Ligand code: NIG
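Read the single chain below, which is given as structure tokens and is the form predicted on its own.
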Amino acid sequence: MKLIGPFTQILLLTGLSLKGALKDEQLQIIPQGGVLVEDGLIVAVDDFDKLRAANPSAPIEEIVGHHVLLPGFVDCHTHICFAGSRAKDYALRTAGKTYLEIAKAGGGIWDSVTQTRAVDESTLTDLLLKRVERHLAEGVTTIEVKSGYGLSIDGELKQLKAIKAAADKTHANLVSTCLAAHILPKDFNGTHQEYLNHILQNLLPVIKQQRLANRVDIFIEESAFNTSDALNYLAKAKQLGFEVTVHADQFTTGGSEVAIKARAVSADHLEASTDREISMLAKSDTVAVTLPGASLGLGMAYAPARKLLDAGTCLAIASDWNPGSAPMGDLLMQAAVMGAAEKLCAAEVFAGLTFRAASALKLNDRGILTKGKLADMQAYPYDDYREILYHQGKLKPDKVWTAGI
């Protein structure tokens, strides 16, 4: 057991609802607080002097100077297992080409597939680890990582094995997701439906057997898969024992409705969602995951985060860090900038980056600072939590803990 502190402010993020709008006045803050940690879990969060008096034999990890403590961020949607660059795509986009035009011309996702296929598992693991460690240093303690740049049995297994290998070499918590249904591979001799059946029959059982992932994702869009094929695929993936999530409503609607019908844990993107989709999501248990990094990378509107919250959804914020549409990967900066544009208060942004994002991964053991939760935490060198978003991502944590270490 050890005592960590004192912190000028501890932002607990307890007592906040899982769904709907929040107010900063609801935030519970402990001034001059400390955290008692044992075996990776929080034992108590309280006044530092009170905890020290009650636990005189506990060693102290002293925090010098002003610091604000809050839970580690949960990035519930990334594509950071990849090789190569898509800088050419970005230059074409800023010159006026659309995402679909670039994809049809040989760029886009297939370009990343080609580059990722060309490297071995060890190289892919090393590339992934570098991104994971950067994310961790910036306060992201849990990171979802998708495959989807292999798009063959061997290629997808290579990515998922690289994610598993990286997870064993980092203090960050990695959650793997199979996104073999990213697009129809150009070298697959068959229809979209035949490819999805190929995944169901020849890939997902192997993933389940080797325990490489328990989540499956699909991209529903003009350039990827249609709604009827996706709904059938997700139903069969669930029958195999996988949790499911959906790339939904990025450029056109339809994906979020599939997510709700499939009882997916989350619908991610939602930039094209209208009032109809917002209402449906609010009435469902599907988490609405917004991806401001994609909006910044593609130069398009943000998902309607304010409307989603006001309607009563559980809204999470993730980075979508990927080589094409969201290459920046700075979760805090993206959340702060979208928060300003969509008029989200600090409580809503921090909830979307912590316990609400954890719910998109079905993880209820993190995201708030209270007894029994994982001691995944981050501290910022300031005396007021409002400074964190005010600096729009330029203020980074100078101390990060996973499981209290």
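Nothing here was measured: the structure is a model prediction, and the numbers come from that model. Quick note: we count residues from 1 along the sequence shown, nothing fancier.
The same protein has a further form, the form predicted in complex with the named molecule, not shown here; the description that follows concerns it.
- Although the partner is absent here, Tyr149 is a contact residue: one of its heavy atoms lies within 4.5 angstroms of the named molecule in the predicted complex.
- Remark: Asn322 counts among the residues lining the named molecule in the predicted complex, judged by a heavy atom distance of 4.5 Å or less.
- The shortest heavy atom separation between Tyr99 and the named molecule in the predicted complex is within 4.5 Å.
- By the criterion of a heavy atom within 4.5 Å, Gln250 is counted among the residues contacting the named molecule in the predicted complex.
- Just one of Arg215, Arg86, Lys158, His135 comes within 4.5 Å of the named molecule in the predicted complex, counting any heavy atom, and that one is Arg86.
- The single contact residue among Ala172, Ile109, Leu124, Leu196, judged by any heavy atom lying within 4.5 Å of the named molecule in the predicted complex, is Ile109.
- Comment: 73-81 is the region of 229-237, 277-285, 73-81, 125-133 lying near the named molecule in the predicted complex, near meaning a non-hydrogen atom within 4.5 Å.
- Taking the named molecule as positioned in the predicted complex, the only residue of 208-228 that brings a heavy atom within 4.5 Å of it is Phe219.
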